[in-house]
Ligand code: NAD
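The chain that follows stands alone, in the form predicted on its own, written as structure tokens.
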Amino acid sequence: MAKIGFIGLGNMGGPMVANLISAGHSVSVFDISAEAVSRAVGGGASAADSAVATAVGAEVIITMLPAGAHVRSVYVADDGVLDALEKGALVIDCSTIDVPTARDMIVEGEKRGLEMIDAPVSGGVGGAAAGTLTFMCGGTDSAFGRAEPILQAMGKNIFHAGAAGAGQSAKVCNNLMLAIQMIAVSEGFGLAEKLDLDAQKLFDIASTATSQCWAMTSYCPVPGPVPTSPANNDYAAGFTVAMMLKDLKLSQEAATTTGANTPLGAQATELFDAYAALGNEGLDFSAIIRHITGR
């Protein structure tokens, strides 16, 4: 079992720490929220006084942070985490950030004799709690090989997408497609309502027809057809509007940088941005159906 430092105990990080502890790892944690740290300590973690303190003596550092700027600050600011680690330590960044920052941080780690991967996740809060997350990893074969058994304590599907930054590339492409699919499903069910077609009937038909997709069959945005979907809990978040908007903006930054054509992605970004601006950032992203149908 490994000695792990974990930085970032939000909705995703907290459950991930709990699963690492359940797997027998020793975990030192830090977050700017004292309440989040207290919860983790109650589950068996030890509290560190700072992000850097989690790195002292750690074999592995895992971060789950909001954005690339936070990752840079934690890793390479004055007295950053990378400088506090012993050579040979493993660094796993599970944050969803821009590809250039992910690549830069891996280079910075390698300069210090560390192995590092970018490993953003998919699966939402439910997947984090259940230990069934999907990890999309970028980095060397050696770094991925060392990280995989650690990630298996928190996830069900662990993929090596390629070299540094490939994990972030896979995540931004996945969520671009997911956002578009959710909007399409919402439009379809909205039209069905106007046509007096029962939502359950449409679900029964479409879920076995050519429009079948995860956004409909596992996360249906209308109440009823999928009892576990947020639509049946007043759109309490598994993955918030704000988080989806962040990922869509990353997709559009990447599209601009690479010259990729993403017209539906651009429109999806505008729709989620408009819905978030109305004060709906904390709702589940499937609540976009309310914006589309005018509810």
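We call the rigid core the largest set of C-alpha positions that still match within 1.5 Å between the two forms. In case it trips you up, residue 1 is the first one in the sequence shown, and so on. This one's a predicted model, so the numbers in the text were calculated from it and none came from an experiment.
Omitted here: the form predicted together with the ligand. The next part is about that form.
Heavy atoms of no residue among Gly5, Glu115 and Cys137 are located within 4.5 Å of the ligand in the predicted bound form.
Residues placing heavy atoms within 4.5 Å of the ligand in the predicted bound form fall in a single listed stretch, namely 239-247, out of 41-49, 263-271, 226-234, 239-247.
Val121 belongs to the set of residues with a heavy atom inside 4.5 Å of the ligand in the predicted bound form. Contact check for Pro66: a heavy atom falls within 4.5 Å of the ligand in the predicted bound form. The shortest heavy atom separation between Ala287 and the ligand in the predicted bound form exceeds 4.5 Å. Remark: Val125 counts among the residues lining the ligand in the predicted bound form, judged by a heavy atom distance of 4.5 Å or less. Contact with the ligand in the predicted bound form, defined as a heavy atom within 4.5 Å, holds for exactly one of Val74, Ile92, Val172, Ala143, namely Val74. Of the residues in 1-20, those that come within 4.5 Å of the ligand in the predicted bound form through at least one heavy atom are, in sequence order, Ile7, Gly8, Leu9, Gly10, Asn11, Met12, Gly13. Core-superposed comparison between the shown form and the other one: the C-alpha position of Leu283 differs by no less than 2 Å. Core-superposed comparison between the shown form and the other one: CA of Gly68 displaced by less than 2 Å.
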